[in-house]
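Structure 1 and structure 2, given next as structure tokens, are two forms of the same protein chain, each shown alone.
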Structure 1
């Protein structure tokens, strides 16, 4: 390809980029400016080289959508070297949103029927990359016609491009399907392989439509000598066998022969996946497939090992009991360096774990967390959490052990599963009543650990700390070290946690303090009373000594309570600077309780206060099902639609809605008057006589002010009948209309006046805002909804291609691009119409040529007669 004297070629630009690595961005910017100038050149060689450089830069991520029209110019050049560059640029940069896409339809049509095989090839390749609904609809007949070409590469390409057209234009599938299937008997193996590839994609999407073709696919499988085509046929049977189990017995022998004779790993892998997808009922073929699968898993090649684990994932979904032997191999692969193999092995482990070996598997998985990077640690944590919570913790038999596992996962640095950990800890504490004591003791280690509090500043561990504080407060009766717990809830690092966590901490402090105080000052009296009832005796001797001992104990208990109260008051003020109102509110409530307790000197007052507080916060919170609300019966007298006050309504209601509201109000007023009793809600919403009088006066004043301000816009009563409908319905203009204010009937009810005023305003808004309705008639040959780009329905290809064609299901006729112009009248000549194309040669037969020539002669003769008529008239006048 020739270039101008001072123009840089693609090689020069690449060399310049490599030599300017430190200043590459600046160099590319300078090159882009040169390219924009070169694309404006009239020399097609310069423009082609510039487009070639721009295409290379587009591969590096630079935008070239602005040069779409220049791409079309290079595509339309007759020189093949330039055309190739243009088509490559179009295939790389064009999409459904490209504006100039409509300009290349005829260009592609011309190149698809060209006698030059290279032009046909680049046209098909480009169409497969940029096909849209419009292009597929206009060019599907041309592509289908190329199936009958004498060139095998052309037939192969056209079969593959047909599938791309089917995806955008599904209506072409049924008309083209018969001709496509006929090429399964093509003498060229490459063409048959291409057709099988297209059928494979169609069958995988909707296999139920192609069950009748199973004998044809079976014959191809027996006679296939191409590994690629055999792989496609195996995928077809993998999709068909779940729908027709009888196919399993039919293809068992061919599969055995292939697995025992082939040396191709890719073909062997497809045999294994076919067995897994629809042949799991046959134990013999399953064992044979698992034997070959073991070689994949234990192979040193990471690619084959990955394929082995991908196949294992499929077996785990269908028959997990048969692949338990691969559990140790999967655990050993957790330490491999390949992240894809690790992820696949984790999915296999997740599917193989059982209730018996749960603890062993979880412990071995957790062993890899300390040495793993952040992403892998999160992946390991996610697997552990998903395994244990499966089917509502059906695999977990020891919840105390699992609570410790959750606490250990909460300490993992950089964890992103804090919300899940918090939910599971809370869920277990709520659902498993026997585990509440263990849950409080397990989360205590998180409360007193400053490292965990430091982790909660950023990340999801703050959610774990929030759940920890909630469990400690909700089940404060299980707290063994109250003072240490309160000190942990008051540590200064909590101020750096999210505000929701701080609020939960303050609430936990209040609950723990109330429980401790109630246990100290109230529970002993209850125990003594119950003990005396059991003994059946009262204090008779030593009553005075007992009272003295009880007084000393009560003072000691009160001292302990005051000590805890002083500890809390000394640190709770640190939350006063928090901007969150909930934190401040809970802090104020806590201080109020503490101040109230500090002001009480009598132990009886303290007992009364904290017994009441304990009764409020000690009610147990039970888990509620998500479907519980649906089981609550709906009250018969529940009214959630009727408005509370009818006489005040918004002016934005339309006329019909306003009239309906007035009718509803009248009916309700009548029913209220007739009824003897009136409930509280109706009594509050019923308007008094003064309110009605005030509403009447307000309506009159508003109507009067409105007419004074906008009186010139009112029509007289005569003009309303003649011109009102025209102005509202037809959108016409009213001219020379006499203005007259309609009379105001003072005797009318105020609600009716407000209704009329609101209706008039609404009509006026409608007249201003609503445009005239325009009806755009579509052409008869244009279908609705074909504008590009269009979202294609995923089930559009779900049709039966084997059923007979209905009326109208046919491809459009193919009309070739104009190729030449005759000397007579400069009329363009066209090649003949065909459907489908049966030959590479596009030249019309002699009979058709003669027909076109006679047609041109008649048109030329009629044009001469029309031109000669005025001349004869002029001669007659002369």
Structure 2
């Protein structure tokens, strides 16, 4: 036992690591070197211990992909003690890219057909951990066979492992489904439970395929005595009831019984989530659920509290008016120390708030800001901002109040929402004309506060200051204290702000100065005169004395202007060192204007110049209606029917591009610059009658087919509400039906097959939904392409497993198992060949050959690798 005497065991290595805490790295490096040597040993025991150590190190983050072959070696020893180490190592380290996977197919097969229950169970377990498409394809028949084993633990485990195989090899779902469902009648409750677990996973992903099974689930729900299984069944109904409202009525009674009788909070909670996912139409059950939910929300146990709010979030989405009573409880929770609960409570609040109580709620939310940490402060700010700007500020009735809230939020230390705040302030000032005065007054406090400017150095408050400067300049006519404002715009702290903000400040100075000067010198009307006096009086002392003499007045006005320009000139040079060209340019522009003004002695010249300048600056930026594009008349010679390029509509990219263009055109109707954008926009908004008709017909046909197929689940009359509801699903459902035959790559096929015009039409109808759907699918494909060599479509499990099997869809080698398989004693011990599962002629060689299997496997390896590729190809084709 030479090496094993001197070999460090796993325990030794761990102890060593613990005693070498100071130079652990070195110790591990040393251990790794030892392991590498030991793995090459021919003594299985040495190899196994080395692998065990390596697995431990892998857990700590050290790579072991290089040892994959050694893992397989250890896995293939007959000794269970060693084998288990190998299997654990494989479960931990193998992934889709592991190339030695091909070597383990037979190894696992041997385990799965073993008479030893332990071998079977660790084999199944290992398969569940490392299954790939190839393994699933080659072994699914064996797993399926074990489903009818006489041992309940084995049946239980194989049902779960079948699901793992379906995930990798979706084609197997339909053939195996019947056999799986049969075990819902298994006399062993635990087997039923695991089958229900599998079905639950399947149903949750694609509920529409399993509606037909509702009666079966209903029966199970009535008879279930196992809480875990009841919970799974409730999840299943939670997924089914939104698709079939009539189910609600059916399961109300059992749900009520469970809710009133169960002591298990977990079960009770699942009842509540089932109610809120699809049964909100039934008031009685909703009331009962809310009664229990109240206990959750008010419970002192943070877990129950959190779950209570989590369920509330769902209720708020569906029936906000019914859960209004929880608003106060949610507000109370904002002071709890648990961030998870707080976030959930905030989401509930955000869903419940209404126009009436907006002010109160916002104030109560803001109350928590002073005592909160930075992350929470930002979370609170975000909630306030998102609540108020929702649906174009539909909840806000008092904008003056909201502007002050925004200013307050801008002062929150460490805020990351400066950009949003800046946008909203600007947005409101632009859109609501009546609010401009309030906006200018509101931002004044930010402008003159040196502390805020200091804060603007870092973080996002710079953005707010930029908006502040812009508003002050743009709406300079509302500035009440010009001198103070100009001083604020010139304060030295601004040099520390980002350059774009500095540029905005200089521009604002120019605008304010021009406006004031214009007001001062051009006020021939009495009204304006008094206005300007009022303005002037705040910053020029002793002007009252000069008022009486007209000539003096003019001189004084010039004096005031000069004073102001002196002030600016004295400070504006601070910007000259800035590296940013825009800042420097604006500075020199400002100086040029001031120099011009300085050189003029005659007030008439000044008047002349500044009325012109004012004319340039005072042109207002107008908000443009989203529908403005429609008002632009269509040029008569515009050709929109013929495609610009033949393949124009085939290209996903072009469609999206075109849509973006539409939006751009909608938003900025004035600046449609690209003629192509214009064409595309028109093409998208103006479909011809023929196209519409064709698209409608296609959609109708598909819908008809779908309804015929699933007719049972529709209420007899197509009532409007139902039709509306189903409209949502149609996209997906119709696609489903139309491409049922090729079960793989459903989404891709349908996306490309659907006639260009149809898809274009659909896009137009569901402008927002459809394109994103497609994009997501593409992303998935791309990801999988990168991650794994085998491309699996996640939607491939979206098949109707209840439909009868088609030709060539049987699970071929299942028949290779004798039906008396469950009689453990005389199990066939056939040597499994490398035929793929599709082939029928798996021959059963004599039992003695088993011994030579491992040797044969190596020989076969190269053969298999050669054969592997074409087989895979054919499989993919079929």
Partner chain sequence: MIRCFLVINNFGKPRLIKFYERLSNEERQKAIEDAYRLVSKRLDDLCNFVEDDNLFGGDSQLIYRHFATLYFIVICDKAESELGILDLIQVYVETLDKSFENVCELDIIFNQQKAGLILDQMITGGLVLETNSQEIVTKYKELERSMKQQEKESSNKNAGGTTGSYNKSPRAF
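Residue numbers count along the first chain shown, from 1. Since the structure is predicted, the reported quantities are computational estimates derived from the model, not experimental observations. Only the largest set of C-alpha atoms that superpose within 1.5 Å between the two forms is called the rigid core.
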Form predicted together with its partner chain - structure 1 or 2: 2
Core-superposed comparison between structure 1 and structure 2, residue 507 Cα displacement 2 Å or beyond: no
After fitting the core, residue 101 CA displacement of 2 Å or more between structure 1 and structure 2: yes
Residue 370: Cα shift of 2 Å or greater between structure 1 and structure 2 (core-aligned): no
Rigid-core-fitted C-alpha displacement of residue 17 between structure 1 and structure 2 (angstrom): 4.1
